[in-house]
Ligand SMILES: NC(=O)c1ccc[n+]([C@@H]2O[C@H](COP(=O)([O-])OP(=O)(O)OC[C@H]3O[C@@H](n4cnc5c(N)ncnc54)[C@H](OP(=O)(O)O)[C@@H]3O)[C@@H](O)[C@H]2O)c1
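The form predicted on its own is given below as one chain in structure tokens.
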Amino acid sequence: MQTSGNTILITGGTSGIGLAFAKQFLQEGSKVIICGRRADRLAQIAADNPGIITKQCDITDASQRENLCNWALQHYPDLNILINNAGIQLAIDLTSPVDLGKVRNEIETNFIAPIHLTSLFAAHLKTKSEAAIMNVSSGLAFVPLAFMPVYCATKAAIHSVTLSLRHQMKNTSVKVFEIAPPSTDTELGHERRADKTQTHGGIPISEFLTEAMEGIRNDTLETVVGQSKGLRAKREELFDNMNSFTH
């Protein structure tokens, strides 16, 4: 897929993978819109990166998701790529009563919001000659870490729903990508760390970005990066057969 000449909306664009994608696509000649909750961070990014367009939005709120879609299509009708990147990663002990607020927030951010946003933008994207929906999952979609069970389950769900979406979009101009990072050195998971300055650890963001962008350019619709390849044992060989009779 061409990485220049696009108009791209990236959720969770104020840090980590989302911000790295924003800077890279901008550098390659695409128009980039990022959204996030933190107005101060958005303002700083806009000041430091002329050309990146910012919009404050809490994607855990359905009405704000709808407002984001309406705003984006009104002001940027050339929008042709949606990157569902926003995510949070919490440690949850299922052997004790859980904080349902935290569980719901993690599911809303990581899974419900991408489904809702995809559905809101789908009809518009199908009108474009070249368009894409890119869902950021994780190597943990395939093999979970038990101390963060909800996060891993939401990423497994993103993997599953991306397969279904790709099937539903197969006769349209919309390419449906899944990008599965390994552990990458960002601030992901800072909510569960006592030291908020500590990063996630893992491969450098630049290393992730190089491989992810190569996958996008080559239309590798399931781009599994780095060590995530080892977690991805095999494709669902039966998927095409199981779904060959559906529309």
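If you're wondering where the values come from, they're calculated on a predicted model, not measured in any experiment. So that there is no doubt, residue numbering starts at 1 and follows the sequence shown.
The same protein also has a form predicted in complex with the named molecule, omitted here; what follows describes it.
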Quick one: which of 161 to 169, 118 to 126, 79 to 87, 95 to 103 gets within 4.5 Å of the named molecule in the predicted complex, going by heavy atoms? 79 to 87
Looking at the partner-bound form in the predicted complex, is residue 28 within 4.5 Å of the named molecule by any heavy atom? no
Contact flag, residue 38 vs the named molecule in the predicted complex, heavy atom cut 4.5 Å: yes
Using the partner position in the predicted complex, report whether residue 183 sits within 4.5 Å of the named molecule, counting heavy atoms only. yes
Is there a heavy atom of residue 136 no more than 4.5 Å from a heavy atom of the named molecule in the predicted complex? yes
Can you tell me which residues in 5 to 25 come within 4.5 angstroms of the named molecule in the predicted complex, by heavy atoms? 12, 13, 14, 15, 16, 17, 18
